[in-house]
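Only one chain is included here, represented as structure tokens and corresponding to the form predicted alone.
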Amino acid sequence: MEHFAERNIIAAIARQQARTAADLVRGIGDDCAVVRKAGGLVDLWTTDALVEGVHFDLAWHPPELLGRKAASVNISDIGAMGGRPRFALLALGLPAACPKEFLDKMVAGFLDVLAEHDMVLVGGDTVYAGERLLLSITVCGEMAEKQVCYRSAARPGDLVWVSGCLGNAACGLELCRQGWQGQEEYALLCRAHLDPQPQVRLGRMLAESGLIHAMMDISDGLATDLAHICQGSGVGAEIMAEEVPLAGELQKAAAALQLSTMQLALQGGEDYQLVFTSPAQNSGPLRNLSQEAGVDIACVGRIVAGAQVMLRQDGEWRDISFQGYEHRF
């Protein structure tokens, strides 16, 4: 049977969708759709779904944290464009055996994250979903049209930056699979998987600063998400392995699990950090901005002419384009 990659299915749908609208600024192909409204503002629309057994495992994912993660992964898309999240819709596909206590805790976690971002749940739906729990979330954000950060604006000569440390969530997932989530030394990594923190404040500050060209969040691993920026911008990228930020806890856990730290960082996904590009002369102001935001950033490479994401490791170059996580159907 022929299998299809997620990005190819999205591209095929985009080709079929030929209609547009006067107030549609950006449709399929970025972290959010962008719709123009009055006063120089735009609405940002994003949607995502989480399916039991694919995106989460209830054997180790507590309901409160599942609700938090469902909200956070969608809010992250708004932050990746530089926007302010405002409203959410929540659709629940519930299995027959779904205790009320579980549902109450999951919804409470979801609403807690919305409150942290001054958001409001404005509607949704509930349906019977057979044997698996399904959560589908739509989030609407808002920002100034002139400040929206797209994937498609990277330019040769830009430096490539990332926020935070990479690979923590992927390592946390494997720790949970091994039943090690209760060990204090791995708490940071397991939390990164169970309760990710979207970088909304940093995203807004970067967008408002005018210091950057392109930006998106890291949901499928740097290898894939940077490849999306390169594809959208018609450029290539070079990444230096030694510059990729790795937490000390990650290096210790990866050794215990006998996993590659670089593979976790570049291909693991679900970090919900930001990857963005900026002219080299903006490096100083960017570091000052990151200090103000309280979020570390690291320069991991540069944008070049071409079409591939190349990694330099141990003196050798290899193509890592789209080698992160990807659904296949």
Ligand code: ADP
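The model shown is predicted, which means the values in this text are computed figures rather than measured ones. Sequential numbering from 1, following the sequence displayed.
Although not depicted, the form predicted together with the ligand is the subject of the following passage.
Colleague: Would you kindly say which of Q231, S219, Q199, S72 lies with a heavy atom within 4.5 Å of the ligand in the predicted bound form?
Modeller: Only one option qualifies, and that one is S219.
Colleague: Exactly one residue in E64, E270, D43, D30 has a non-hydrogen atom within 4.5 Å of the ligand in the predicted bound form; which is it?
Modeller: Partner contact (heavy atom, 4.5 Å) among the options: D30.
Colleague: In the predicted bound form, does each of H117, E208 and E292 have a heavy atom within 4.5 Å of the ligand?
Modeller: Not a single residue of the candidate spot has a heavy atom within 4.5 Å of the ligand in the predicted bound form.
Colleague: Picking from 22-30, 64-72, 51-59, 262-270, which part of the chain touches the ligand in the predicted bound form when contact means heavy atoms within 4.5 Å?
Modeller: It is the stretch 22-30.
Colleague: Using a 4.5 angstroms cut-off on non-hydrogen atoms, would I13 count as touching the ligand in the predicted bound form?
Modeller: Yes, I13 is a contact residue.
Colleague: Using a 4.5 angstroms cut-off on non-hydrogen atoms, would D77 count as touching the ligand in the predicted bound form?
Modeller: D77 belongs to the contact set for the ligand.
Colleague: Indicate whether the ligand has at least one heavy atom within 4.5 Å of a heavy atom of R151 in the predicted bound form.
Modeller: Yes, contact at 4.5 Å.
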